[in-house]
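The form predicted on its own is given below as one chain in structure tokens.
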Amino acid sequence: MNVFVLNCGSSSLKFQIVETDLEMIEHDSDKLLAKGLIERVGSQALITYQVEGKPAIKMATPIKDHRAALLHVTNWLASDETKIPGILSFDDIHAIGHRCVHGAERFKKSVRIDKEVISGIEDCIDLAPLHNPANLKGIYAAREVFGPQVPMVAIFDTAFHSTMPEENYLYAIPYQMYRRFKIRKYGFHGTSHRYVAYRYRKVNNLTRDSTNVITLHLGNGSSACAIKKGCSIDTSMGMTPLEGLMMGTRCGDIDPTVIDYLIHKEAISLDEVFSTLNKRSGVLGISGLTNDMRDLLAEYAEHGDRRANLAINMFCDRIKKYIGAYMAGMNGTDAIIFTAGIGENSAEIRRRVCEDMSYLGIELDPDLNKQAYGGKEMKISSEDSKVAIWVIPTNEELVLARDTVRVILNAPRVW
């Protein structure tokens, strides 16, 4: 089955075409056929397409909306020059999997898209006003371009965290506020945390019930997750992605009183405060330089910039605190897993996160740590470390493709 995996942001469209079925899932033999990214939808768009095994194609052209972006993709797929193995026409796309950010309490697993599901995603817009409308644009565009005969599946970022116990997802505010407005922690990056936990147990030949790990998705957006017996029991992001770890431009955990204080001191609106906390805070706000961790590390290495180092230390310190909290809540962990752009590629960040953690049984092997970058899946802890430390590249699109197949074939989800 050829699955078209679609991830629509507010001004972007990211896709993959994955060949997979139940047997291929069982043997980890899924095949990536092609992938692409369209950025700056609504203006002069930047486009990257790539057929697996061939050089990437880059171009720029005006694209007004997500429908036009998807048409651009399908025109590329159908062109004689593209020649994707097994894809000769639209008929060779058998299903479409859509990443959807927020499913609230309504969607606790991936579901086939129909009118009722679309209505449910719309009902969640208040909880994810920047993300769910973009996800819906992708659904509408795909239905229009591919036609209603192609089955579509929604896979939710929040679904993996639906196993959190009540004491971990509730905020300590009047309970009726949760009952009336569903104000609670939902968590995000669920497909990433789910995938790397799955890979960890596959590599180590473990059952789901014996998988007890802490996963660290570290990128421009970052989150930690405590996974016990294969299920998420706690995660750092909250009702929105603003809570939790310090990130590229997001502040992470903060005293709520700061919001009111800034409104009065700066004479700015509530929207302006939240814009600051979401877009001008985090490592960008502290360093005053950039939200790109690679550039910050290079700046400190070359010039010894104090604020660059401060931002890096703060970023790592917050991660250490969550590791300690989750180890306490889980009564220990078997492994810590680094993933996503920073987690997979930055030996220096992994070193700073894991240093001075020997009391908790966390010890890196310096040489192995330096070898882990560029998509390598490997164990990087020392022989004496009581806690295994792994780097496992994430593959969220594969989760989307596999769940799409399972939902359409009414097969059980096994990870």
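Residue numbers here begin at 1 and follow the sequence given. It should be emphasised that the depicted structure is a prediction, and the values quoted were computed from it without experimental measurement.
The form predicted together with a small molecule exists for this protein as well; it is not shown, and the discussion that follows is about that form.
For G285, no non-hydrogen atom is located within 4.5 Å of the small molecule in the predicted complex, even though that partner is not displayed. Heavy atoms of R294 reach within 4.5 Å of the small molecule in the predicted complex, making it an interface residue. Within this chain, A311 is remote from the site of the small molecule in the predicted complex, having no heavy atom within 4.5 Å. Not displayed here, the small molecule is approached by A340 to within 4.5 Å at the level of heavy atoms in the predicted complex. Only one segment in the set 151-159, 294-302, 253-261, 270-278 has residues whose heavy atoms sit within 4.5 Å of the small molecule in the predicted complex; it is 294-302. Only one of G238, G120, G219, G230 comes within 4.5 Å of the small molecule in the predicted complex through a heavy atom, and that residue is G219. A single residue from the set N345, T249, N212, N168 has any heavy atom within 4.5 angstroms of the small molecule in the predicted complex; that residue is N345.
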